[in-house]
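So this first bit is one chain, no partners, the form predicted alone, shown in structure tokens.
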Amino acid sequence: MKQFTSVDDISDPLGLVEEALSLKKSPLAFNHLGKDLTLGLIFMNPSLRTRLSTQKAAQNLGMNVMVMNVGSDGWHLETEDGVIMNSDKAEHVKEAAAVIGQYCNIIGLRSFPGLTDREKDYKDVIINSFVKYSGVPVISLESAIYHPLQSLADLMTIEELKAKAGPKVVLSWAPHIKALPQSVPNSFAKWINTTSYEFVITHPEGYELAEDIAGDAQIEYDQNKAFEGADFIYTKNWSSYREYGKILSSDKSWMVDELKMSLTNNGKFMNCLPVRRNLIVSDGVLDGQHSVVIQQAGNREFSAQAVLKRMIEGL
């Protein structure tokens, strides 16, 4: 595997899920595999789960790990070609990616969108520049449009907990105080669309994801109707794709509470974390017996380990 930026890089998504679940049972079974290899983790944005889980995953495989925060530990990077570099950006991504590739066997990169220019954000310039110029395999630790390690862990969680082959999975928008990217819902939709699950996306009008990403998902604007009989509820805020980066609604009634969860089929509550309590979800749901957010977060370690293992085997 030369890159892991979306589910499109995987020929067998459910096979990778099974591999990750197997690693979860025996995390150190391949701790010889990464001996004398180095993983570089490059962060342009804050991270808790992604940073720690990917580092732990690499250690499980015996890898050395270097972590760098671009902007505070290094130079701000220029991504445009042919520019006169007379601004605050002191290094071009062409040199930065190539140099990091000299030190690392695999690079993991995290970068968020600007949420002002959709065309630019959806070109995913940062991650694609590292793929192009680093000369080594690249893992997306979340890009401007996708968060594949999160989605792999999400699919692992559903596969572990589902009571039937084709569970009803609902992705529900929720209110937030600021505009957030579409990367998590985009990625979740792409991965769920590779399965035989019944998939519903519910949100206020104006929050539709890109059509090619939503795929065959059923779109439902009535949240209560969407929740009926659901086996899994995945809640996440995102800003508008159509009116790019804008907050079109702050409707607090979209928060997930105990009454809404009572409409489900004893549905499991999922969220990628961090989550704002009593804005996205009530305390009662988040702390309740059907919340699986900690198990979901724990699976991040093994989703990263499965991807790293395949990349090492392809070196």
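Numbering starts at 1 and runs along the sequence shown. Only a predicted model underlies this, so the values are computations on that prediction, with no experimental measurement involved.
From this point on, the text means the form predicted together with phosphoric acid mono(formamide)ester (CP), which you will not see here.
- Interface residue among G284, P27, G62, P46 relative to phosphoric acid mono(formamide)ester (CP) in the predicted complex, by the heavy atom within 4.5 Å criterion: P46.
- In terms of contact with phosphoric acid mono(formamide)ester (CP) in the predicted complex, the residue from L248, M66, L259, L273 that brings a heavy atom within 4.5 Å is L273.
- Only one listed stretch (48-56, 29-37, 262-270, 286-294) carries heavy atoms within 4.5 Å of phosphoric acid mono(formamide)ester (CP) in the predicted complex, and that stretch is 48-56.
- Phosphoric acid mono(formamide)ester (CP) is not drawn, but in the predicted complex it has no heavy atom within 4.5 Å of T157.
- Residue contact check for Q150: one or more of its heavy atoms lie within 4.5 Å of phosphoric acid mono(formamide)ester (CP) in the predicted complex.
- In the predicted complex, at least one heavy atom of R110 sits within 4.5 Å of phosphoric acid mono(formamide)ester (CP).
- For the partner-free chain shown, just R300 of 279-315 comes within 4.5 angstroms of phosphoric acid mono(formamide)ester (CP) in the predicted complex, judged by any non-hydrogen atom.
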